[in-house]
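For reference, the chain that follows is the form predicted on its own, supplied as structure tokens.
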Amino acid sequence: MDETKSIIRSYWDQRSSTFDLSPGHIASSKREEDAWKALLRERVGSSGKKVLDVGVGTGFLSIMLAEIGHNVVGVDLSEEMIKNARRKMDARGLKVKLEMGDAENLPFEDESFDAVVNRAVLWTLPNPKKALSEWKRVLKPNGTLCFFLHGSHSKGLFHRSKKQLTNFAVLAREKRNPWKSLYNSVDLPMGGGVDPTVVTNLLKKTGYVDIGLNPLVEIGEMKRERMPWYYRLSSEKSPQYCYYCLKPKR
């Protein structure tokens, strides 16, 4: 493993213990969870698909996909994230295969999965195009790629000032240093968010077809309603996007 990947893995190992304290890393309510499951049924299928969750984290997508009846495999570079995901899945009695793996170099045969999913992963990678190519490689022909990613974060002075207040509250309440960011440690092309046109153009260049995206406005509103005040203070109105596309048929 090269130095960049070692830094990334170490960061997520350390972050794993507080990961679920941040809004967006878990569903904030039963209503929000139901909305996610409805979206996953629409984009991935109602049940019975073999699905790869790349960058499984603490299991956000994998748990919901397994609960709606899919055969889920989750991979993550961080062993500590996988341990947390396993504890949550065991508590729910879910059978999900979890293993360590690199999103840019997946440990699977060609055309192994009906669908590939992930959430907030592409912007954490040194080589997003390589990752998209890998995800296409392991998809069956006409298989679905569905992932979720926020747009660019604001760089304005007013937002940065509010973000500093949020960070002080996080430091006090979550006992972690929010200024120690992965995006300040390694050079990531999409770090901090990216314009949707950049993502869709990259999908086209990688050879995907039937590309689409939807802003998750309703889910975003549900999440904001239940955020702790200090996160709501600097929360941006720009939505998270659902990107979806297909690997071409033979």
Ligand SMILES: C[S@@+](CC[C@H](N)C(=O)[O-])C[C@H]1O[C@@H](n2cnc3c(N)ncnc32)[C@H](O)[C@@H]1O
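All values derive from a computational prediction rather than experimental measurement. Residue indices: 1-based, along the sequence shown.
Although it is not shown, the form predicted in complex with this ligand is what the next lines describe.
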*this ligand isn't shown here, but in the predicted bound form which of 162, 176, 119, 140 has a heavy atom within 4.5 Å of it?*
119
*Residue (of 73, 85, 103, 145) lying close to this ligand in the predicted bound form, criterion heavy atoms within 4.5 Å*: 103
*Which one of these stretches, 51-59, 211-219, 27-35, 193-201, sits within 4.5 Å of this ligand in the predicted bound form when only heavy atoms are counted?*
51-59
*4.5 Å heavy atom contact, residue 125 to this ligand in the predicted bound form*: yes
*Examine residue 96 and determine whether its closest non-hydrogen atom to this ligand in the predicted bound form is within 4.5 angstroms.*
no
*Give a yes or no for residue 245: in the predicted bound form, does one of its heavy atoms lie within 4.5 Å of a heavy atom belonging to this ligand?*
no
*asked:* How about residue 77 - does it come within 4.5 Å of this ligand in the predicted bound form, if we only consider non-hydrogen atoms?
replied: yes
*Partner contacts for 1-19, taking this ligand in the predicted bound form and a 4.5 Å heavy atom cut-off*: 5, 8, 12, 19
